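The chain below stands alone, shown as structure tokens; this is the form predicted on its own.
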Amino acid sequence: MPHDLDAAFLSLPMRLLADTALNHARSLGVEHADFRLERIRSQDLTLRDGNLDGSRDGEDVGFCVRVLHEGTWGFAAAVDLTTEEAVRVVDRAVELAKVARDLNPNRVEIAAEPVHSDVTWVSAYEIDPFTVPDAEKIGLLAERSRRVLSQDGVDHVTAQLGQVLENKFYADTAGTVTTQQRVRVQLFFDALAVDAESGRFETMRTLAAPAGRGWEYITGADGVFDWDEALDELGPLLAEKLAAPGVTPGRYDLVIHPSNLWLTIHESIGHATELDRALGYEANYAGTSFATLDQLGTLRYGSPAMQVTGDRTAPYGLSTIGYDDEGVQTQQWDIVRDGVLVGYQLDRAMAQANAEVLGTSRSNGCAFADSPGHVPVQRMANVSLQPADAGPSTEDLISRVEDGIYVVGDKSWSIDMQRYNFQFTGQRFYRIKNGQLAGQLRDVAYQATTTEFWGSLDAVGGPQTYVLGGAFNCGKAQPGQIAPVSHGCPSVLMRDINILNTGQEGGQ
């Protein structure tokens, strides 16, 4: 059901402040200026064994101005929504640009973008979670927690609910004006069991991905995630995991479920194909990238079965929006085609500066700030591995494996500063023998280099196996910013991957 823009947000003096700021910026001779006014409402609830353990409600409201003056960026922000403050913010932004001019070796120019005159965009959701009473939310989480806690072998259960309502108004000196609204939610239950004799413990988490959806996703009313099945299986799955044998290290064929693979995509493809990282501008926080710009069009990223897109338009994606924080209309584009690197994630300055190599002079809409107090940085789109048309089911992929492991759900990860050498664990690992599942294993991690791993991609599942996973809290930049992002993928079959026993690696 389409929603109107929130009336309380629309009542803020956004147009008055924008006109004041942009007219003042023009009078100071800037090449470009943009204005953002945002309101971000957030709420987190945590229950421990069915009892409320923590809650946090937040609301950030403020505005900012970014200017391009003499080829150098300047930025300032404020929370006082007055025209006097709008003028002062512009003055501070221009002054900062002047101070930074001598430190800027390369004059910044931004890629052209069509003017989008007074457009609106609202994400797809049914029920705004902020209209649901807190007592109803806590009651639902408590009832589900008690349901899990009543299962044999479950000693504790933690429930975590997160909700965000984001409103954003943008205007720039070219004439673009956008007003947007989006909602996102996440909920998971994490059960813990302890073996009294050995003292060993294991955990098992539900697999519902965070999503750009409303409260209907949390209750299950939209039919997207089967909460009843997920909650009822937690205890039996956890008991099996606690009693499972440790994996024998070696090389195995893997069938990987989307609930695990999304994170591998995020770390080894998503971050690696951010152009600022590939160019070395992003280095201190999580490193640069092995996928450097000089390899565009030639780097063999993976097997020919590998098709990866960037997409800020994907329905229900956490990174999905209509226009980015530079007024660029969002798009879908290829990042890896037939296993070869063919694209990057771009903002307007990087698109313009590298247009000749990229073969395009248009940004693909990846500039984003996590609050009105932060400058936009180049942030990840929904980067997704595409399924194969009429491709196999997960069961068909498993049937192709003589001796291997089936991986479900994400857990810990580690990757080096060039996004190349990595290691991932998961929620559940099943031994595959002669095309059949043969019980759970524990202490499993898969390890590879990025190109070796994706080069081993033997088959991708069909659209019926495709799931949109993701995270609320991707971190980047200094000062640090967080951003939500989704990654879709089908089930996949990888051949001959190195498997570690994490218990043995830890000296246990």
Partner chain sequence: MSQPMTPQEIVERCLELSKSDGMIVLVDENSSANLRWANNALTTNGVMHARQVTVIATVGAGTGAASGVVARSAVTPDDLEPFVRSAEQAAQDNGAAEDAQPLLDGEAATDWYDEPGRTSATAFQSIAPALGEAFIRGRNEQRVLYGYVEHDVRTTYVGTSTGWRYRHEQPTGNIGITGKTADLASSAWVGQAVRDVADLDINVLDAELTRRLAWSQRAVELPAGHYDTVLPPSAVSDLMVYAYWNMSARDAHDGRTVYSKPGAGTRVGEKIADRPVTLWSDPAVPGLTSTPFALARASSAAQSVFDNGLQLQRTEWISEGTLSALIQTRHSADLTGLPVTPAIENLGLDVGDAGGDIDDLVSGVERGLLLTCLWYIREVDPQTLLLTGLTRDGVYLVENGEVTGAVNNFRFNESPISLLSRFSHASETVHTVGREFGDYFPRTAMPALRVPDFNMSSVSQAS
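Numbering follows the first chain given and starts at 1. In this text the structure is predicted, and so the values were computed from the model without any measurement.
FYI, the form predicted in complex with its partner chain isn't displayed, but the following is about it.
This chain appears without its partner; in the predicted complex, the one residue of Asp338, Asp134, Asp228, Asp334 with a heavy atom within 4.5 Å of its partner chain is Asp134. This chain is drawn without its partner chain; in the predicted complex, the residue among His116, Arg182, Arg92, Arg205 with a heavy atom within 4.5 Å of it is Arg92. Put simply, Ala100 is close to its partner chain in the predicted complex: some heavy atom of it is within 4.5 Å.
Under a 4.5 angstroms non-hydrogen atom cutoff, its partner chain in the predicted complex lacks Pro258 among its neighbouring residues. Proximity of Leu17 to its partner chain in the predicted complex: non-hydrogen atoms within 4.5 Å are present. Using a 4.5 angstroms limit between non-hydrogen atoms, Pro105 touches its partner chain in the predicted complex. Partner contact region in the predicted complex: 367-375, out of 163-171, 212-220, 352-360, 367-375, criterion any non-hydrogen atom within 4.5 Å of its partner chain.
Every member of the trio Tyr281, Gln447 and Gln478 reaches its partner chain in the predicted complex with some non-hydrogen atom inside 4.5 Å. In the predicted complex, the residues of 171-198 lying within 4.5 Å of its partner chain by at least one heavy atom are, in order, Leu192, Val194, Ala196, Ser198.
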